[in-house]
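Quick setup: one chain, the form predicted alone, written in structure tokens, and binding and motion questions come after.
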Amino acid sequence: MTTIADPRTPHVATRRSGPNLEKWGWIYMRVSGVLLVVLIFGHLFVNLMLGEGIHGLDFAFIAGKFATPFWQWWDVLMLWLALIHGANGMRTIVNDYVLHEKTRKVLVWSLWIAAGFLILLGTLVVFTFDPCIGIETSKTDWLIEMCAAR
């Protein structure tokens, strides 16, 4: 028979050695959340409010943004923070609700592998984006002229 300790009994916590990853995860969620609010609203303001607004969003607009390192780093930072923030949040949910230890480990590893893959893929897309790949020279439009000027 198991007995429950008296509520006033002091709890002696056993501390693991090494860094407190839960604390750093908690701090990361707060800091990245604030940074993401700034990055996302800046992204939305530039894309939807400046210039022609939503009607100006087309391939040329994206190609122009990805041609400058500032916007490349802005979008990559937003991508990294959002994916790590989301994966850390999902990790917390898995840790709270999945009782079987092996299942929990598989799910947490799957989360981090998926987030890592998406971060790698998104970063490659942003930094290797080239609007001139696969352009047919028979067309005459702004893209042909821009690519020919390179």
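Heads up: residue numbers just count along the shown sequence, starting at 1. If you're wondering where the values come from, they're calculated on a predicted model, not measured in any experiment.
The discussion below concerns the form predicted together with a small molecule, not included here.
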* To do: Choose one stretch from 88-96, 57-65, 43-51, 120-128: the one whose residues place a heavy atom within 4.5 angstroms of the small molecule in the model of the complex.
  => 88-96
* To do: Kindly confirm or deny that Met29, Gly33 and Val37 each have some heavy atom within 4.5 angstroms of the small molecule in the model of the complex.
  => yes
* Asked: Would Ala115 count as a contact of the small molecule in the model of the complex, using a 4.5 angstroms cut-off between non-hydrogen atoms?
  -> no
